[in-house]
Structures are given as C-alpha cells and as structure tokens.
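Take a look at this single chain in structure tokens; it is the form predicted on its own.
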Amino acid sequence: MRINIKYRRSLIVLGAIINVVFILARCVSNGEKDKTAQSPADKELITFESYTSSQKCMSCHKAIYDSHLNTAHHLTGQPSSEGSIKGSFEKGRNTYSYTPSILLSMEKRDSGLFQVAYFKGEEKRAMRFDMVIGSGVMGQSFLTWRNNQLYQLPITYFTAADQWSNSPGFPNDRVLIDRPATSRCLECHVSYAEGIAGPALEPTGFDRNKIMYGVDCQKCHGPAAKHVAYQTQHPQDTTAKYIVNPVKLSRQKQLDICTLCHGGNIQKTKPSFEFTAGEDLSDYFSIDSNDDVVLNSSEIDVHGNQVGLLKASKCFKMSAAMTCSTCHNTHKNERGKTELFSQRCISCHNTTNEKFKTATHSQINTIEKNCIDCHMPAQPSKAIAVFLEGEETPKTSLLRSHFIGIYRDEIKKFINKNK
C-alpha cells in the first residue's frame, strides 16, 4: 500500500513539473513572438465602420498626407470622372474598332461617361465608366456597376501609346462585357470594399457606399477609426494607440503588407479584406515561398510576384533587414528617380571596396547615378499586354524586374549607350 501511495505521489509531482515546464515554455514562446501578432479568431470583425476617411489623417500628418496624394498607390482606385480618366473623349481619338462593323466609342453624355458599343453604326449598348483601376502610369482599366456587381469594361487606356486598347486578356475581335471584378481584384486597388451579404470568401456583390478608394493610409497602417477617436479625445497622449506602425513590425510582417498585392498569384483561404497590417498573411492566404519556383516558373511576371523576386535576390538574402521600404518610400511619388534609387543601393554597396571595383564598373563613369538599368532592368510584362487598334501583335508595358541580379545583355546595352 505504501509503495502505491508513493508511486501515486510521484506521478502527481511529475505531472505538476511537466505542466509547469509546459506553461513556462509557452510563456517564453509567446514572449518571443511579434507583439503585434493576433489570432484571426480573436480579432474584431473588420467592417466599413472600422475605417475612417483618410482626410482625418491629415489633421496630424498633413505633409505625409499631401505627399501621398500624388502616389500611384493613392491613384490606383478612383471613382470615374473626366479628371481621373487619362484617355481622350475628343472626336477622332475616342474610338476603338474591333472590326469594320464593330466599334466602341468613349463618349460624354448628360448622364455621365460611357463606353458605347456600335454594330454597323447602330448603338447596341452603353456602359458607364464607374470606377478607374490603375494610376495611369502603365494604363487604366475601368469598371461598371450592374446592380451590386462590378464588371470590367472592354476598353482600357494604354499609357505607352496614349491610346485606347482592348482590356488585358480580352478578345480583340469582339466586345466582351461579362467579366466580373472579384473582391481579390478590388483588394489591390481599394483599401476596403464591403460585400452586400457580409463576409464571404467571394462576395457576389458590394455596397457601393462602403468602398474606401485607392491604397490609402489604412492599407498599411490598419483600420483607423478607433485610433482617430482615441487620439481626438486624448490629444496629450503622444503614443499612438489602435494603429500599426510598419517600421516596428518584424521583417516578415512588413513584407506581408506588400505581398498582399505584389506577391503574385497567392490564393486566399479567408475572405478578402479580412487581412490587415500587422497580421500574418499566411493566416489568410496560401503563399508559395520557394525561391526556385519563383525564378524558374514560366508564369512568373515582372508585374506579378515582385516580393518573391526580391526575396530570391542575393541582396535580400545577404541582408538581415532589407524589405520593400528599404528602397521605396510609399509616402512619396519617386517614380523615375533613377539616381535616388541608385543612392539607396550605394548605401549598402561601398564603391571604394575592392570587390566593387570590377572590370564592368570601371567602364562606367557615373556608377553611383544608375545601378538600376543594369541590375533591375525594365522588362516586358505578360500581365499588361493589350492590342492597339488594327495591330495583330500585343503591346506590353515595361516594368523593372525586382530580381536584383546580373543581366549581361542589359549591361552591354548600358555600356554601349553611355560610352
């Protein structure tokens, strides 16, 4: 009997020790986790009311707000207007002919702006421009409302040619009008769009009065209604509450914010717009992080998985802190400032180092002014390819590759051009 009692006591003591160790291990593990981490099951339901107007940010952050208005992010989703549409409505520049019998005309009417389809000169359908998708740097596509659903219009504006074209992926010999704009599409061009039936993996429609246009402050800093309410009531509290500062996030969480729209064909596992800054993107999407797949896939596109290309680069792998914002200031429009981006390269690559003094670099007098054309050259996008009127070969937009590497053909072109 004494042996059984001792045995039972030993088991109890052992069990208690195991429990204590387990609890301590969990505490240590939780302490090491990013303090911004939050279980999707525990977080509040994100609704339109979770957000505030971006103009509210201006009262405390006017300089940043004003600067951001000029960025492609801000302009990537807008209500349609004469000011937001880049293409011409002037006679002689406002049409696209599919065939001698089929013509689509961009027209101003008393009730709005329309794409109007004609067959042998007879009007068949007028489709209103309701939403602009794209800043116009590469081009713009357009959406139209039908009841509560958005559909992509058949004609796109292609910036490189300053012409109307067929929309990417659309046929160039007939008018296609039934391609819906999904929530996954909207997720990269508006900060929030509320489905009419509440959360669903793929809403069938949207409340047109509950859309936050463009990629605004709250896309990267999280829904700000509670933040604005608190800071308004406590102006003396200089420690920001209920808002995310991406700089304070872990490297991966910073990358997650960008991966949402620049991570290629990631597959959502939860409804669009549920992921917000500061969370783990992998809780909401299935993401392929294999560098070899990223580089060797025939489907990879310079307009697609830009984060994947960056992460596969030697520069990224050799850095402990490099993220997208190492090179990009999302608060400012810095497009085309090659020297500025090159200076950011030079901040990590010492030009006086012997390893930097290669035979190729020695042929370039102003290496500090342009690293980009050789190591991140502009390449044709498969995703942004359109047919201009009367042409049988699609035109593509050129975008810089985010795989930082050695492109020997581009280097030869650059040296010959700058001799």
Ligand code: HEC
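Keep in mind it's a predicted model, so treat the numbers as computed, not measured. So that there is no doubt, residue numbering starts at 1 and follows the sequence shown.
This next part talks about the form predicted together with heme C (HEC), which is not shown.
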| query | finding |
| --- | --- |
| Position in contact with heme C (HEC) when the complex is considered in the predicted complex, options A161, I85, V116, V228, heavy atoms within 4.5 Å | V228 |
| Sole residue of L201, A72, A126, L103 within 4.5 Å of heme C (HEC) in the predicted complex, by heavy atom | A72 |
| Non-hydrogen atom contact K268 with heme C (HEC) in the predicted complex at 4.5 angstroms | no |
| M131: touches heme C (HEC) in the predicted complex, heavy atom cutoff 4.5 angstroms | no |
| Non-hydrogen atom contact R146 with heme C (HEC) in the predicted complex at 4.5 angstroms | no |
| Proximity of D237 to heme C (HEC) in the predicted complex, heavy atoms at 4.5 Å | yes |
| In the predicted complex, segment of 106-114, 202-210, 327-335, 92-100 with a heavy atom within 4.5 Å of heme C (HEC) | 327-335 |
| Joint contact, I46, I196 and K395 to heme C (HEC) in the predicted complex, by non-hydrogen atom at 4.5 Å | no |
| Sequence-ordered residues of 136-150 touching heme C (HEC) in the predicted complex, heavy atom within 4.5 Å | G136, V137, M138, G139, Q140, S141 |
